[in-house]
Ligand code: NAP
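Next up: a single chain in structure tokens, the form predicted on its own.
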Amino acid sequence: MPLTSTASKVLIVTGASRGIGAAIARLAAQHGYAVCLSYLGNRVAADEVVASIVGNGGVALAVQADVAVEKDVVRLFAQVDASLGRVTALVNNAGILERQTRVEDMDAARISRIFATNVIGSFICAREAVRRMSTAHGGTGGAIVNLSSRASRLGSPGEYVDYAASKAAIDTLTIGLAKEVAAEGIRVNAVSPGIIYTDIHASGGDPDRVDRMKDLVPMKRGGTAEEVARAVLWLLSDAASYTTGATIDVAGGR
């Protein structure tokens, strides 16, 4: 039986089966959003996030979708249309990195994988959201928050310059799209996390990276997914009604 909702606030969070995305989905549900979380392959983890939201009286569903595949993104938004209604908020959270290495050892296939998910996926998700939110398309407006990274300005030398470059593209997407749709009722902003305790560091082959680097942070600690989520929810909210094209660093001062 398809899920139905009469919620006036409908949010899609990509890559939300764990980490920052899961924290955003849970917090958004507490703020009255009907939440669709996309996931790539970990259905068990995605279902656990949905169950925790529903168990606390919220509305949520999980949809498998690879944001690097255009038809998956189109299907994701169509399923939300049918199950929850017209999307009013999007968080482009899905992102990947690969094992730490120098640029001289990277091949084109690796770089293409990073950019397909982190950049092209965010563009296509934003496209689908704008088509639904924009007053030029009969929408009532909305908000988009892109997940950038402090890596976009620090460069991640010796680790993953390709990931850092992909997040620099997200910074530019945020600024350009914000200006493009500002008069159509859509705000576009970004959150730029620093070193945060999530599983993504294990994907880079350095699961203890946060503890290894935390002394470089002025606050002398790593951040939490929940701290990032709070910044995202503020940007989605009416409290940020005159904020667009902005980036909030959640990085402990680094």
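Model, not experiment: these values are computed from the prediction. Start at 1 and count along the sequence shown; that's the residue number.
Although it is not shown, the form predicted together with this ligand is what the next lines describe.
Using a 4.5 angstroms limit between non-hydrogen atoms, T88 is distant from this ligand in the model of the complex. Contact check for N189: every heavy atom lies farther than 4.5 Å from this ligand in the model of the complex. Residue contact check for A94: one or more of its heavy atoms lie within 4.5 Å of this ligand in the model of the complex. This ligand is not drawn, but in the model of the complex it has no heavy atom within 4.5 Å of D206.
Taking I114, L147, V130, V80 one by one, only a single residue has any non-hydrogen atom within 4.5 Å of this ligand in the model of the complex, and it is L147.
Only one segment in the set 51 to 59, 211 to 219, 25 to 33, 192 to 200 has any non-hydrogen atom within 4.5 angstroms of this ligand in the model of the complex, and it is 192 to 200. Along 64 to 85, a non-hydrogen atom within 4.5 Å of this ligand in the model of the complex is carried by A65, D66, V67, A68, in order along the sequence.
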